[in-house]
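Two forms, one protein chain; structure tokens for each follow separately as structure 1 and structure 2.
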Structure 1
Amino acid sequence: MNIVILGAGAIGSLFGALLSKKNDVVLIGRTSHVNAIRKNGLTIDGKTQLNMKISAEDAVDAVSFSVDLLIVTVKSYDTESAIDQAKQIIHNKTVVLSLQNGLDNIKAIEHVVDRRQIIVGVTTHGAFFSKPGCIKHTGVGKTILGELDGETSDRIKNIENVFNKSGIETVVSKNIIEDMWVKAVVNSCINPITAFFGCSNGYLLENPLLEKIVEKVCLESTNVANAYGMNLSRQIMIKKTKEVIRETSENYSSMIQSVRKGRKTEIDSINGVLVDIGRTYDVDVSLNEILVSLVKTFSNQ
């Protein structure tokens, strides 16, 4: 399969490296990262140990093959501009997979790509950028893929097979929208709190006060999800959030990584969207509002 990773940061580079074992893969990333890969290869350490040559470019117009699968891993706030730039390599049989945080990516991709070409994925793998050309794989997780309409199509089964053969444990969901919401609720609890307090995921359960905040944010975010049309158990979501925290205890969230690098965070696409939806349905979103304000003030957004 001919695969392009659009936004080869930590997760994008990790998935690109694994998929390149059995597929033709091109990474599209920042110039410094691309130059380092061209010079020394892509290095993955931690849970996965690899050093490999892989095609890397800093612009989509350098892609020379017909793209079967475009995996979008850019930050949510860059989705629409990135897809607009990539439209020259998207043909009518290209499948576009959003493997991103946030709740507003599908809408952004639809501005450029026919909805029927879009699929969604969520993953619990943890990774961070050590330096250009080097990725640390901090946690092995699971990946879920799904069609927007819940159909178990031939193409989604084919992509599931490609992922599994490459060592990315993957299953197909019949309700990927709900899975996306579950991840958004979990992220709404973990990302902003770790970003503000500068801590690892695991510390959220080591500190009794932070654990209580996590629980209260989870309840509020779950209420928003259910008002929007999901059917999530509040207690199961608290349990799920704590499970993710334990499984990724050594990880530092993508939001804290952005703060440390002085970059824009995805707070608007996670907690910010929850605030907007909550207001629409007259759901109390005071905790999410506070988190949005804190992270924006702290990160100078």
Structure 2
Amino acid sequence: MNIVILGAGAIGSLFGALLSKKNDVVLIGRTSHVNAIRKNGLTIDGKTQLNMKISAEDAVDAVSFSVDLLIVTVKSYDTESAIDQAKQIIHNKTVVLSLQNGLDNIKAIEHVVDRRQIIVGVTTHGAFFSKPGCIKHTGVGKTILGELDGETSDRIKNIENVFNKSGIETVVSKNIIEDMWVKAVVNSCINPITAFFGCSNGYLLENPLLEKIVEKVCLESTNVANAYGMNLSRQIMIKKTKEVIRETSENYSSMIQSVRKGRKTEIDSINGVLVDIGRTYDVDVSLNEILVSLVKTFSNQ
């Protein structure tokens, strides 16, 4: 399969490296990362250890094959501009997979790509961009892929197969939109609170006050999801959020890492979208509103 990774940072470089064992892969990333890969190869350490040669470019013009699968792995706030830059390599048979977090990526991709070409992936792998050319694989996870209409199509089965053959444990979901929402609800609790308090995920359950806040945010975000058409149990969502916190207790969320680096966060795509949707459906979103304001003030966003 001919695969392009659009936004070769942490997760994109990891998936690109694994997929390139059995497929033709081109990474599209920033010049410093591309130059480091060209000079020394792509290095992955942590849970996966490798150093490999892989095609890397800082613009899509250099992609010379017909793209079967374009995997979007930029941060959600970059989706619209990145997909716009990539439109010249997207033809009507190209499948575009958003492997990102956030609730506004499909809409951004739809500006350029026919909705029927878009699929979504949710992954629990963890990766960290150490320095140009070097990625740390911090947690081995699972990946779910799905068509937006829930169909188990031949193309999604084919991509599932390609992922599994490359060592990326993957299953097809019949309700990827709900899976995406579940992850967004969990992230809406963990990311902004850890970012604001500067703590590891695990501390959210060590501190009884923070645990209460997590529960309340989780209930509010679940209410928004359900108003939007999901069917999530409030108690199961609280349980799931706490499970994720326990499983990743040593980790520092991507949002806290962005704040520490003085970078933009994905707050608008997670809690920000929850606020917008909640207001539309007249659901109380006061906690999510506060979290958006706190993180934005704190991170100068």
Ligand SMILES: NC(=O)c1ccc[n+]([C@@H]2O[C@H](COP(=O)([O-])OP(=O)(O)OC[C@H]3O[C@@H](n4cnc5c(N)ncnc54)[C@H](OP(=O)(O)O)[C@@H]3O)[C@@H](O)[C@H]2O)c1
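Please note that residue numbering is based on structure 1, beginning with 1 at the start of its sequence. Superpose the two forms; the largest set of C-alphas matching within 1.5 Å is the rigid core. No experiment lies behind these values; they were computed from the predicted model shown.
The form predicted in complex with this ligand is represented by structure 2; structure 1 is the other form. A displacement of 2 angstroms or greater separates the C-alpha positions of Asn251 between structures 1 and 2, with the rigid core held in common.
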